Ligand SMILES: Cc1cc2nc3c(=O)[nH]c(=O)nc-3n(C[C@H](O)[C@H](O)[C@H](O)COP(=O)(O)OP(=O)(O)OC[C@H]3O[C@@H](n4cnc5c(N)ncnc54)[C@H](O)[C@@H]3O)c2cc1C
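Encoded as structure tokens, the following chain is the form predicted alone, with no partner shown.
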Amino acid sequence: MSQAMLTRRQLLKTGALALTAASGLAAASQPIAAPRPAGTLSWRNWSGSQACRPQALDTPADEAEIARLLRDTTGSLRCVGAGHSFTPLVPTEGRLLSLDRLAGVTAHDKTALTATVRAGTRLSQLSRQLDGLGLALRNLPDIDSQSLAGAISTATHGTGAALPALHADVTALRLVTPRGEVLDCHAGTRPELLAAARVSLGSLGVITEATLKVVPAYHLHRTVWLKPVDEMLAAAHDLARQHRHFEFYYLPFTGYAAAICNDLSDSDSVLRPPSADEDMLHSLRQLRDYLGRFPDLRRWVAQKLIDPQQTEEARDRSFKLLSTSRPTKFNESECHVPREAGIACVREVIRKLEQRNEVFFPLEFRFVKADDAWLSPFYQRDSCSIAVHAAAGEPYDYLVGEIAPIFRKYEGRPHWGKLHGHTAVDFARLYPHWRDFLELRRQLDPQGRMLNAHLRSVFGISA
């Protein structure tokens, strides 16, 4: 999301007047306490919605140490990175394993346009190291604090009608199995394991290194503008075809959506206006707090405040524009629907969201190209991604309880790291290689060491 389309000063002034008229009503919310299982250490994810007390936290320095650890210990083990998954992929009462000491680019080939990267490398670090080599990732998600292993294992993605998710650029990887065996996977050796391991939720073993396709470093030119939401929905597919990266954010209870486009730029000059994301979120929250019980008045006030002629331009290195920081924490659900169903689906999601007066967080709509990883939500399917959010500390059950049925209606495949209501039955129907993946997982990890309660539920495996 980007750019203040409401200004805080305007909102405070007009909102205060509206507040007086509305007898001082505000939306209420209660924080949700995260579960805290018994244990000796403590871990909590970024939003605070998931927590655990593992028996141990291991921080191996190299692949050999990981192999010894898996051979010499027993019990469950889960890998942990930046903790940006909203689903309980990490929580375990066994061991947590951090790959933070396995970081950095180990090799690159500027002719073949490939880079080999240790799995614990954070995407922000990877982008800067590649940039120093004159290289870049083809695309990036909108935050870059994740580890490489975490990002590819959950099918983390950016936006671009012709651009696939990050894992689609993985041409080879090294995997330490639960028995401590090190396997090389690439198209010529173990192609099926490569297809399975690229998106595997940390369930097949520990990924230690990946080789990715990269591109020469490039600059982008970003443009942001506002449109009434109906006009944005009508133009979305054309905009996605016209721009390298296109997405939009719908601003609830305003009638407007903000378009964000990034295109290749020949200019190496830098233009970076100060980010106004936090101001905009603050304004939308205030509008909700003042007028939450009066949606028509809230929408009327918003449309009086919004200047639809506002635009923003920016130019910089690709990684500096594609990923942004998110100081305001939130919880999120995201689903990927067939591209042709994207607009119909998001219309229903918007209608459902605006039946809840407490909603203020923008909805995000993106485009992702198909790939061929077995558990990729984009498997053989060009997709539109629809993400809904609630501020951390506020109730968020409705993101699944009320929105998931809409996603399911449109054959949506949920983001593995984001809240969803799908079950093993759903996944078996949605993923052609679902049973192939489960059989491969069973062969590699018959004792289920790499599983936790959440993954057992996802895979339909009894405890």
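Each residue number is its position in the shown sequence, starting from 1. The model shown is predicted, which means the values in this text are computed figures rather than measured ones.
Below: the form predicted together with this ligand, not depicted.
Participant: Sort through Phe319, Tyr379, Phe330, Phe246 and report the residue having a heavy atom within 4.5 Å of this ligand in the predicted bound form.
Facilitator: Here the answer is residue option Phe330.
Participant: Can you pick out, from Gly94, Pro178, Gly83, Pro164, the residue that has a heavy atom within 4.5 Å of this ligand in the predicted bound form?
Facilitator: Exactly one residue meets the criterion: Gly83.
Participant: Hey, of 205-213, 266-274, 226-234, 251-259, which bit sits against this ligand in the predicted bound form at 4.5 Å between non-hydrogen atoms?
Facilitator: Only one stretch qualifies here: 205-213.
Participant: Using heavy atoms only and a 4.5 Å cut-off, decide whether all three of Leu89, Pro141 and Ser153 touch this ligand in the predicted bound form.
Facilitator: All three within 4.5 Å in the predicted bound form.
Participant: Taking any heavy atom pair closer than or equal to 4.5 Å as contact, tell me whether Cys345 reaches this ligand in the predicted bound form.
Facilitator: The answer is no: Cys345 has no heavy atom within 4.5 Å of this ligand.
Participant: Using a 4.5 angstroms cut-off on non-hydrogen atoms, would Ser147 count as touching this ligand in the predicted bound form?
Facilitator: So Ser147 counts as contacting this ligand.
Participant: Is there a heavy atom of His415 lying 4.5 Å or less from a heavy atom of this ligand in the predicted bound form?
Facilitator: Looking in the predicted bound form, residue contacts with this ligand include His415, since a heavy atom lies within 4.5 Å.
Participant: Quick one: is Arg326 in contact with this ligand in the predicted bound form, heavy atoms, 4.5 Å cut-off?
Facilitator: Residue-level check for Arg326: yes, a contact with this ligand.
Participant: Could you list the residues in 42-75 that come within 4.5 Å of this ligand in the predicted bound form, counting only heavy atoms and keeping sequence order?
Facilitator: The stretch 42-75, when checked against this ligand in the predicted bound form, contributes only Trp46 at the 4.5 Å heavy-atom cut-off.
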